[in-house]
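To begin, one chain is listed below as structure tokens, in the form predicted on its own.
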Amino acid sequence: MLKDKDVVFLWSPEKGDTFLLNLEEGAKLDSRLGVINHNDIIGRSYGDGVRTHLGSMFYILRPNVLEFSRRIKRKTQIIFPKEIGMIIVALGVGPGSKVVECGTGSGSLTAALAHFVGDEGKVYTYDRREEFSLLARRNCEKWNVAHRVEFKVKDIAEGFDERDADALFLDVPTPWDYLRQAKEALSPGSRLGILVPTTNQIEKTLEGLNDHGYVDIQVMELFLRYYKTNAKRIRPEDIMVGHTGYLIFASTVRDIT
């Protein structure tokens, strides 16, 4: 049964309109298909339908990280869902993981990491700008995962506070400057992930990873293309999600002397 503060995803079979809502007693949603009272959703269950004051139907569906990431309030360029999925699986993030992130930004990846580590895990996220850290906190609160995140306003040139992290991700302009700090924070055999937007940055990052003794280095670029869902006219959408960044992954090992 849905209650106040729960998150729901609304979908209209009539127009395909969608909304992601944090339920709040007494609140209303205005749409071109009419008004929906949050109180008409509270007490129902996922899979139920709710009608606007004009009689249009919306189905109440379970929300997911994909829809949340698309709609996140942002002041910065965010990491997109197509990269988030690969980051999660490549870094081995799961329930109980201890994950360090730098480049909090608007919190798109932060919220996703916090979603997957569960209440047993923890995300430690760093940004030099307090305004971004505060925005990311608010976004994580909307996804009900802020209690799994420790937000830090700090220059990582001074190093990370954490040790023996299970995974670490860098989304910063010069990641090669922080590879020593990342290695100090990670447990041996764990994964480092990096996002850069240009090939010039790939070159410098690869040189740095080799210099700092990282192994199993991988570089990839992901593309995403949706298809129209008309069963009589199946074809790709006219616009696809192309280049948004290059992903680099590497593993730490113990120094051999």
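Note that the coordinates shown come from a computational prediction; the quantities given were computed from them, not determined experimentally. We number the residues from 1 along the sequence you see.
Another form exists, predicted in complex with another copy of the chain; not displayed. Remarks below refer to it.
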property: Close approach of D177 to another copy of the chain in the predicted complex, 4.5 Å, heavy atom; result: no
property: F160 within 4.5 Å of another copy of the chain in the predicted complex, heavy atoms; result: no
property: Distance check, E237 to another copy of the chain in the predicted complex, heavy atom within 4.5 Å; result: yes
property: E120: touches another copy of the chain in the predicted complex, heavy atom cutoff 4.5 angstroms; result: yes
property: Contact assignment for another copy of the chain in the predicted complex, among L33, V219, I42, L195, heavy atom within 4.5 Å; result: V219
property: Listed residue that, although another copy of the chain is not shown, lies within 4.5 Å of it in the predicted complex (heavy atoms), from I84, C102, I78, L135; result: I84
property: Any residue of 123-154 that, in the predicted complex, places a heavy atom within 4.5 Å of another copy of the chain; result: none
